[in-house]
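As structure tokens, one chain now follows by itself in the form predicted on its own.
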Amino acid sequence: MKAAASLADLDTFAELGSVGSGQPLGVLDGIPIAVKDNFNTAGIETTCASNMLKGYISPYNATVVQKLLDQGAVLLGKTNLDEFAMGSGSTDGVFGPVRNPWSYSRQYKEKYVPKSFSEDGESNWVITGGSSGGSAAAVSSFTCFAALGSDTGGSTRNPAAHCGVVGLKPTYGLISRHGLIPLVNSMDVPGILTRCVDDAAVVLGSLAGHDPKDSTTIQDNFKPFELPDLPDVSKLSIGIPKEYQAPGLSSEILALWSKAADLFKHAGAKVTEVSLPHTRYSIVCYHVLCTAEVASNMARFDGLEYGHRSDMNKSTESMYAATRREGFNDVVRGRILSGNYFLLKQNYENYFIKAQKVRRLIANDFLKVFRSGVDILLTPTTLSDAVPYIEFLKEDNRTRSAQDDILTQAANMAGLPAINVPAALSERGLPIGLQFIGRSFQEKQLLTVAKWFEKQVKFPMIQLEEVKRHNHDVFQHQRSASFS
């Protein structure tokens, strides 16, 4: 992976993948990678950060995990998340919240930490975003070179934006979901978190392609690709969706979005405002469809076959109820209740069927824009930079998720590829990312544009004190003049 040359010496890791065979296993040979704890890993506990799966050890690897191992990747461990990936802060799992490494960066400490906060720093830290916050934090803090997340409504791109890393959600069906514990089958996509776009392309090349164990994957063979060293965007058309100027969008992200559009203009690209008129209905539509599928998927956790089982033995029904009360947190139970309400016979037509029709309209909006000649859409990823944990807790999970997913979930409903690219630091010294959305199965074009943008903005590396002392030259603060 190309980022390796600019970071720590990987000679030790490079030897690991070829032990026993004397030959490298693949392009990821010896590369340390982490996996979100909702992917099955043979012989290693898979919990989804829930008491319901405490102690559960899968007998098989998820397809994406197996592909990583086959390519020689070294699995460092499983990463934390919101329980069953239901959240946007990585704060609601049984292992506790994930802390954003940027909370401990020189950039944040020098610019923001108020004197009124405690001196020991326990009140200062900010969230990672979610639900793949553990994976984003692992990549951001140099614990690993890449990590797997899952992306149902933005769960890879959201924490990538808050943690200053690249977060790729591939086209639905490009990567196998086999072994990913499902949240919303029709939207779930394994996500890729890395520190640069080139690395995301390398990991994608190792994971993509047909899987006979997942009927939703593409039938065609996928050919891994390399991105050009000098990407050219002069012949592209970049669309700016006006509906993404959502309520609550911070002024500094709005300004950054405008500056990014200007960069493309100055490079010769055609930049035009476009409309996705049904976007305003997307978050409500997403909530109905998400909870309906959650209710269906969570029905398997009944205390009989695997996972937690209550000691309640008065009746089968009482054991079911006690098992789910003890195993699931309030967030999961709430989504199950909402989903079952939408699926009731008297509500099915008015909620679930209507939401499916709106989903088709949302997908058609994207199709019309791309058919008009637009190649890539440029949008914000989040409404603001990461908020302090104590502020995040002031609103409930459902409200937070509705706010934090508003700019990302439409791409999931349309099945389109999308990527977060870190673009600048906020006034508080925290990362801000922008999102690029591409045509279905056009990951090469999407990543090429993302790489070009990455080269222009020169996003600064996080300055963690221990790492900075170890290799001062690598992590010098670099910012593009156009984004200062």
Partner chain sequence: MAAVAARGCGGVWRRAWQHGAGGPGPSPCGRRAAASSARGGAVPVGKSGLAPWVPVVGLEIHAQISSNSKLFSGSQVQFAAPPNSLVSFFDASLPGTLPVLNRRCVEAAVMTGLALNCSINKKSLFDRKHYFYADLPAGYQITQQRVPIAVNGSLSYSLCIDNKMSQMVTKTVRIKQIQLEQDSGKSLHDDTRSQTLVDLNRAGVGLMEVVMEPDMCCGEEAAAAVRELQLILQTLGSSQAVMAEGQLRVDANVSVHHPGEPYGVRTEVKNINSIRFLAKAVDYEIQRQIEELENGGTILNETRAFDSKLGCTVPMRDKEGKQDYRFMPEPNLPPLILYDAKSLPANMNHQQVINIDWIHERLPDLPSVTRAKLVERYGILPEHSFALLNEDGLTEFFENVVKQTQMKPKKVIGWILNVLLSYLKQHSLTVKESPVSSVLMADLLNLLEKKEISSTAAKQVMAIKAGNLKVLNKLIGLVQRETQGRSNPVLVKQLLEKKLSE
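Numbering follows the first chain given and starts at 1. Values in this document were obtained by computation on a predicted structure and should not be read as measured data.
What comes next is about the form predicted together with the partner chain, which does not appear here.
A.B. asks: At 4.5 Å between heavy atoms, only one of the stretches 430 to 438, 59 to 67, 23 to 31, 417 to 425 reaches the partner chain in the model of the complex; which one is it?
C.D. replies: Every other range fails; the passing one is 59 to 67.
A.B. asks: Taking heavy atoms and a 4.5 Å cut-off, does residue 352 contact the partner chain in the model of the complex?
C.D. replies: Although the partner chain is absent here, residue 352 would touch it in the model of the complex, with heavy atoms inside 4.5 Å.
A.B. asks: Decide whether residue 214 counts as a contact residue for the partner chain in the model of the complex under a heavy atom distance cut-off of 4.5 Å.
C.D. replies: Heavy-atom contact with the partner chain at 4.5 Å: present for residue 214.
A.B. asks: Is residue 177 close to the partner chain in the model of the complex, meaning a heavy atom pair under 4.5 Å apart or at it?
C.D. replies: Yes, residue 177 is a contact residue.
A.B. asks: Contact between residue 95 and the partner chain in the model of the complex at 4.5 Å, heavy atoms?
C.D. replies: No, no contact at 4.5 Å.
A.B. asks: Among the candidate residues 242, 300, 111, 280, which is the single one with a non-hydrogen atom no more than 4.5 Å from the partner chain in the model of the complex?
C.D. replies: So the residue touching the partner chain in the model of the complex, by this definition, is 300.
A.B. asks: Name the residue from 124, 329, 186, 143 that puts a heavy atom within 4.5 Å of the partner chain in the model of the complex.
C.D. replies: Filtering the options by heavy-atom distance leaves 186.
A.B. asks: May I ask whether 171, 226 and 461 each come within 4.5 Å of the partner chain in the model of the complex, counting any non-hydrogen atom?
C.D. replies: Not one of the three qualifies.
A.B. asks: Within 283 to 311, which residues have a heavy atom closer than or equal to 4.5 Å from the partner chain in the model of the complex?
C.D. replies: 292, 293, 296, 297, 299, 300, 301, 302, 304, 305, 306, in sequence order.
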